[in-house]
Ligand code: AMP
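Below you'll find only one chain, the form predicted on its own, shown as structure tokens.
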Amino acid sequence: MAIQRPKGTQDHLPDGSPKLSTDIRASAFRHVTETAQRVLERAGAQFISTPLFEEADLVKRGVGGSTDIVRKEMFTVYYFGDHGGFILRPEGTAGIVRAYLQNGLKQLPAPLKLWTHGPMFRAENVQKGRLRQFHQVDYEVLGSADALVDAEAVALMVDVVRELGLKNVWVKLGSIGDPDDREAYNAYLLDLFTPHLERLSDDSKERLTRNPMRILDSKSAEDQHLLTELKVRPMLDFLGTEAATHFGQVQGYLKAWNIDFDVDPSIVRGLDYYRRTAWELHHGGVGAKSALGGGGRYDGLAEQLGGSVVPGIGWAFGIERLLLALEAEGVSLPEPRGPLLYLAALDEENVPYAATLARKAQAGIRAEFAYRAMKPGSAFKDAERRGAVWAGLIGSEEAANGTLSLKNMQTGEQKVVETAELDDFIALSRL
């Protein structure tokens, strides 16, 4: 085949597909999103969906003009006249906060819990667990700065992956303080690194003037060596009284709820609108970079986007990376389920009748039918291939008597059921 899918993307294929080595079973993907929905909506979260592309200015403000995402990894959709362009969304938070502001969601009871899932896009180097089109589950809470909201957000992220069956996960928890704390820390970093400017990577030289905290996230081995050599003090050393109290409260709630975490002083967020709590969720089975996802408080984002001040906190994890972790840990995903009922006519004249019975059954169960007449052996073989629980045969005798000859494909049990009693039989079969 000449045409291939774009590099850095995957197909989500139906169960039983012959090629699944580099692609995802669609039912496994759906299992993750349905589990997230169940956990998050039990806690009061509501589903929200925003466009796959947003105004370029929104993404630049929401993600940060100096970040690698904006500088190197954006997918621009198109330019129209003097329009600033549209960008395929690299993450979900900016679009959700934009929707909150634009649609007056502040009128809803606060704090407002929202969740979504869907594709994100980054033009990065493709490697294990790193795709150009990837998918995230995203959870956001808007309208409260309470430490209890922070702790619940961390706990819900853990709850989702635990309910999926992951055990080998751990939380790295940190705090980046308030704006004054960050300003003091950036001044400290500027003084510390300026005498060693020539040893910094080109990216970090630029970060030093724009946002020194981002040097701590550098991927350069030389930068990381310099950080160790200079014994850089952590952001936690610069927390003010209010931020330190808030951080202590978050830890207290997590301990009370038996959510294991490690305080990690190295966790930072480079953008000005981030506040206080920041964390990452890690697993050892997803490659060199063990993070499944992360989150943080962003009380300054709504104002950055041109709205009023709205406290916010949220997290996201990559579904593809989570599936790698499930595979590495040997977690069994639910087996694909076939139809509860499969009907086949033994002669052509009864094919429409079998279809009509199957259509009626579809009001309550998954039911399928053969589109042509089949011999009993072929019908049972086809039912088995489809994973059917019951296979029903309809010949002239069954049609005349208003009956079905049924066979349980798992146990071999056979019985004759009157079509008038099919609904009752199906109801009993589902128990």
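Heads up: residue numbers just count along the shown sequence, starting at 1. Note that the coordinates shown come from a computational prediction; the quantities given were computed from them, not determined experimentally.
Same protein, other form: the form predicted together with adenosine monophosphate, not shown, and the subject of what follows.
Participant: Look at the stretches 207-215, 109-117, 310-318, 194-202 and give the one with heavy atoms within 4.5 Å of adenosine monophosphate in the predicted bound form.
Facilitator: Looking at the partner contacts, the answer comes out as 310-318.
Participant: Quick one: from H283, K172, H246, R122, grab the residue that has a heavy atom within 4.5 Å of adenosine monophosphate in the predicted bound form.
Facilitator: Partner contact (heavy atom, 4.5 Å) among the options: R122.
Participant: Here the chain is shown alone; which of L131, L254, A147, L88 has a heavy atom within 4.5 Å of adenosine monophosphate in the predicted bound form?
Facilitator: If I apply the 4.5 Å criterion carefully, the residue I get is L131.
Participant: Can you tell me if A291 lies within 4.5 angstroms of adenosine monophosphate in the predicted bound form, counting non-hydrogen atoms only?
Facilitator: Taking the distances in the predicted bound form, the answer for A291 is yes, it comes within 4.5 Å of adenosine monophosphate.
Participant: Hey, in the predicted bound form, does Q136 get a heavy atom within 4.5 angstroms of adenosine monophosphate?
Facilitator: Contact with adenosine monophosphate, yes.
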